[in-house]
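Let's start with one chain on its own, the form predicted on its own, as structure tokens.
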């Protein structure tokens, strides 16, 4: 890569020298400043605009054909001198937003950069209130503007981190605009997988612009930003799902597809839960690095705190360390994490416990897993039965709200039991399932059954009462009739 860049640079310098000789005969501005040997003319010798035979006067105004300074720098000739503030970018926009003019110079650059940058956070008004935060020259330079694919360009992929860091690593400057933004992004980037490759001159490695964009850089809270939570997976997938681009890196390219179908992906894309983890939640952003075997539980543990603590104190912690197994990932996978259900627990073929435990190997864990599954299934069935009985009692008009409220404790016990699995302690698991879950469901079931029995008792009692009253009324009626017949006889 370095040899190719060197050859490219030599060719560029040689061809530039030839162009300068030819163009020097036409541009009196350049001839004069070149004789003076000032810095702008030295930088302009390598400028892409010189290659396109664009005169100094295109930006500064004046008459580049005249060697008379008074005429060349006359205000009548449109001379404006050094552009200031927003006038700098306006000079760039005059050509770069004109598609016909760009084509006339043989350029294939898009002519929509101005439209894009208008939506950028960098195009907001600076603290002076008179100009944008950045001008085009802030990133591209003024007189030494090079093509983006030129290794010497400040916006070449290998140089972008340093270019962005000119502002973003300046604590005093950044404090003026956003004190909450960290100023150590470059240092973190250099520790990341991307940054290490960038330091090795690998221009394919992601740089600032690959993730944040170039001209249309929006804040992370902007829904159209490339780093907005719902957009981050696609931003990363732009490279990581491209088989051709990722060829040679020995990295899978199916992470995005797996993530979409995972419990985290469903929460993000289908439920629009912005707190759901995305790529940078686990891998980091500026310091992006694949979590190692030892750090996986720490990464998952930032959200799943109790699970991580229980696992750390479990017998599996020592076993996983000895076998060099990644902790959470071994059972739950990484990108295609599925919803934790009872199916993961136990000794069936689909249960993760059966991957290591069997009737002949690691038998104690095998028996514990089987009993745990039996207990949690029993609790599930008990909750279902309790709900059915409560619904039946409510349909019959019985007051059962207190028992219905208590059933929430059983639901909570189910959640606690799934967390307690990570302790891999049958006694602790049983304490939750039996001591909290089954105890509550048993009392709720009894109360619901009692309410239903009470309903039938009241119903049958009413029928019997009506029957007795009816018989008494009939007997009274017959007795009255009998008396009437005696009186009339």
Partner chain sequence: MNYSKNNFEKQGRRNFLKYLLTGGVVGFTGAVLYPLIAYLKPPKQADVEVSTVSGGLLSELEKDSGKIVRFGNKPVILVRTINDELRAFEATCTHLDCTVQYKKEMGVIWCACHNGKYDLAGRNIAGPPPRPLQPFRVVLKGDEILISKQS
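Numbering follows the first chain given and starts at 1. Remember, predicted model here, so these are calculated numbers, not experimental data.
Heads up, the form predicted together with the partner chain isn't pictured, but that's what we're talking about next.
Residue 306 is the only one of 167, 385, 306, 181 with a heavy atom lying within 4.5 Å of the partner chain in the model of the complex. The contact with the partner chain in the model of the complex, taken as any heavy atom within 4.5 Å, belongs to 447 out of 27, 447, 34, 47. The stretch from 371-379, 402-410, 314-322, 186-194 that comes within 4.5 Å of the partner chain in the model of the complex, counting heavy atoms only, is 402-410.
Annotated contacts: 147, 172 and 173 are all free of the partner chain in the model of the complex [non-hydrogen atom within 4.5 angstroms]. Of the heavy atoms in residue 116, none are within 4.5 Å of the partner chain in the model of the complex. In the model of the complex, none of the heavy atoms of residue 39 sits within 4.5 Å of a heavy atom of the partner chain. Taking the partner from the other structure, the partner chain in the model of the complex has no heavy atom within 4.5 Å of any heavy atom of residue 341.
The shortest heavy atom separation between residue 220 and the partner chain in the model of the complex exceeds 4.5 Å.
Taking the partner chain as it sits in the model of the complex, the stretch 360-386 never comes within 4.5 angstroms of it through any non-hydrogen atom.
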